[in-house]
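Encoded as structure tokens, the following chain is the form predicted on its own, with no partner shown.
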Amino acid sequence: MNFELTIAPLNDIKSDLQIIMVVENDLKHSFIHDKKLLKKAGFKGGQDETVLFLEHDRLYVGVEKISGANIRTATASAIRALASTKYKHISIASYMNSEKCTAMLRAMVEGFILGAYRFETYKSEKSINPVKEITISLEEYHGYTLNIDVCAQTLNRAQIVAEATNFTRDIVNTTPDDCYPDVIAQIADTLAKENGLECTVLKPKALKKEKMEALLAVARASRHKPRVIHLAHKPENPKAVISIVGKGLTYDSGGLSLKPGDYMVTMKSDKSGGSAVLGIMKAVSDMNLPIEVHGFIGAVENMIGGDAYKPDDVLKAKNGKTIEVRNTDAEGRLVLADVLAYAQQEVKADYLFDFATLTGACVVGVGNYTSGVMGNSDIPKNLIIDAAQSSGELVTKLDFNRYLKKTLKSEIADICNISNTRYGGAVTAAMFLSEFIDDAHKDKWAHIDIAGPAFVEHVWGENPHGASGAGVRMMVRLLEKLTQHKV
């Protein structure tokens, strides 16, 4: 889709169709031309409710109140409603909640791009999005006067982050037979070449040299050898240095602690954290943010076989700590333990974040749509929560406590890879990871469990069936905010 900004009033734009938002069920606004028809159609003006009047080439969509989240899902619903039509060029006015803030414009553009997404790689007949051109009038709902140059910059950033999110969705949705560790490395290498990033890929010999024995154990039974990937965006005089680590389990069978059959379905999504890192690095480099960002991915496949690692094994992680394995399906934390240690060795960061589809317990605790953020300090956790609110992603804080820490105690090693209680699994998994954070990064680190929103098998908000690209928008927003403030 191509976007165009214009100072021309909405009714002066020659387009195939107008999209008009009905805000707070206000049918008296001058944008609304079909008041009687809307009442006759039973239109209630509920959030994301749509009605299409073909005879007038107008689509109405309800918005409870003007906010980024509401505008984003409304435009996503609107673009979906047009999927089976023949409209190629659509137009829409601007809807802001402030004359100086263009966040609503960003939400609008993101909603169009994210809502139009389809993953049809494996379908013999592919649908075609009819909408090719979207013209946005700077005629504003409240009558605000908008700066076209500022709006153009906002539109550009919205396109970049939405396209990076869709890029991430494509990787997550790709099947494990087509997307294994070496493929992830190839995607990273191509991205680096296209976007001017530095790229380092560690293969098994290098991983052995780096003493990543926990990660290597997880990968041992797979025919696909593991990779650890390091991408770097290094502008001159960066305002901050940030490291982001992603869990890239390209498939997780559970290992010898085998998952039930229905739990194996959708396990291609276990690479969502690593895929998010790729999307974040794409957006950061496309925007050329004045901030140094390092992305690390542990790309591994957890399979079964005669060489599989086993419950009762004791593994030695990169930082020297020994781990008693009591469940081979708690493998993501083993991979992250080594990659986190490697990231801290390679980069002394102002902040360190990791993204992972780590625990079903997080989904049980906060639902399908919300990520859990954990860590030792409120400072990085609050950065994530603030950025998530701005970006439209849902995040909640889950606190550590000393009583749960005791449940990870091992009698034969430094720590156990699962707790001795079935409760608080998201927190105990994060507390396990905290054992692999060094003193220099202890209060600079936050773990984000995206197990819920990363992959949902139905449409929700601006997200499609399948991969959502969870983590990309919130982290890019956080990085943008860091460029505006001294760290």
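Just so you know, these numbers come straight off a predicted model, no measurement behind them. A residue's number is simply how far along the shown sequence it sits, counting from 1.
Another form exists, predicted together with a small molecule; not displayed. Remarks below refer to it.
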- [ ] Report whether all of 341, 354 and 430 sit within 4.5 Å of the small molecule in the predicted complex, measuring from non-hydrogen atoms.
- [x] no
Open item on the list: in the predicted complex, is there a heavy atom of the small molecule that lies within 4.5 Å of any heavy atom of residue 360, even though the partner is absent here?
Closed with: yes
- [ ] May I ask you to check whether residue 267 falls inside a 4.5 Å heavy atom distance of the small molecule in the predicted complex?
- [x] yes
Open item on the list: Residue-level contact is defined here as any heavy atom of the residue lying within 4.5 Å of the small molecule in the predicted complex; does residue 227 satisfy this criterion?
Closed with: no
Open item on the list: At 4.5 Å between heavy atoms, is residue 331 in contact with the small molecule in the predicted complex?
Closed with: yes
Task: Residue (of 418, 437, 69, 52) lying close to the small molecule in the predicted complex, criterion heavy atoms within 4.5 Å - done: 418
Task: Partner-contacting position among 405, 234, 259, 397 - heavy atom within 4.5 Å of the small molecule in the predicted complex - done: 259
TODO: Heavy atoms, 4.5 Å, the small molecule in the predicted complex: which of 208 to 216, 108 to 116, 321 to 329, 159 to 167 makes the cut? Say which one.
DONE: 321 to 329
